[in-house]
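A lone chain, given as structure tokens: the form predicted alone.
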């Protein structure tokens, strides 16, 4: 019987694609290898959004190719995803040990193509049930992107925006629920521009919300220009939809946002935040931001700092800009020195870290509802879960808690994790 090992770099969409591929392989008799050394098939799912992610993926692919050549020439190495789409056969020229390159636009068609791709592995094709998914799962509801932000390679590597038919989404969600998933995250590069005829993303949320065995519902990523009041009102009205909005801002400067082709201003973004606060006062709002975009001045950067001070995000993913091939920003003037990028990023991280710690400290003494997903690494009694927003919670407990939702009282904050005690019955 054949075995596989998948290593994933990048976003939740890549995680969902890896989960899909794992399920397809298992239905064809593959088992998950305990270690990459013992796998018949190695798969590296790659990301091209940032240069750092590509460097890490290249290093791992090279490691696997070299090890394969010296130890196990019959092992097969596939590279899939965004970097595979962007570089194509050029990647194989630099790393000859790669057996197949499957770009991001082909990944979603693997259900139809996989049998032909697997012929050389002589796999046992007898079907069997895939391994059960975890407590939480990602469910892609749309792929691609039509926005063409000037720094972003996604439209080039994942193609134009297209939505999964709502009936297929609901069917897949019911299947995941029947197999033990309790929390679903609906995914899309720009998930809130989902459209299936007259049905929009708030309507889709309502349909998935009605599945009885799904207890929590999340989604990512939203584009501020498509974050409508209807969506926010729908979130507020559906009790299973988590109290968390991830709304990437990218910059606090209207001038820089225009150069990024984000199609909203600083003031419009703040207006979206005010609408969210009006309908969901306690919502966790998280974001993505980059510093050092071409042409960003010190004044532009100060506007980003002031936006963070004003909005007070629960958490943020913060990066320094890096060029991406084929994007408009790669040829823009106004390069920002690496030393300046580093200094700005450190200053922004310091500011946001302090705000995040304040958010977590304010939770001490409060009772929250937590969905527990896994044991804490390296400790037998710790269980990790998430509240109804975006905060991680740790509880010391001997009982198996995976998949359960329990009230807990927060006893202290470690800064990025809430430590809590179970509420006595």
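Residue numbers count along the first chain shown, from 1. Please read all numbers here as calculations on a predicted model, not as lab measurements.
Just so you know, the form predicted together with S-adenosyl-L-homocysteine (SAH) exists too; it's not on screen, but the next bit is about it.
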### Message
I have 250, 262 and 320 flagged as a candidate spot, so tell me whether each of them has a non-hydrogen atom within 4.5 Å of S-adenosyl-L-homocysteine (SAH) in the predicted complex.
### Response
yes
### Query
Would residue 346 count as touching S-adenosyl-L-homocysteine (SAH) in the predicted complex under a 4.5 Å heavy atom rule?
no
### Query
Is there a non-hydrogen atom of residue 163 within 4.5 angstroms of a non-hydrogen atom of S-adenosyl-L-homocysteine (SAH) in the predicted complex?
no
### in the predicted complex, residue 189 touching S-adenosyl-L-homocysteine (SAH) (heavy atom, 4.5 Å)
yes
### Contact label in the predicted complex: residue 290 to S-adenosyl-L-homocysteine (SAH), heavy atom within 4.5 Å
yes
### Task
Scan 269, 151, 301, 201 and let me know which has any heavy atom within 4.5 Å of S-adenosyl-L-homocysteine (SAH) in the predicted complex.
151
### Message
Can you pick out, from 221, 352, 243, 234, the residue that has a heavy atom within 4.5 Å of S-adenosyl-L-homocysteine (SAH) in the predicted complex?
### Response
221
### Task
Tell me, please, which stretch of 62 to 70, 391 to 399, 24 to 32, 45 to 53 lies within 4.5 angstroms of S-adenosyl-L-homocysteine (SAH) in the predicted complex when heavy atoms are compared?
45 to 53
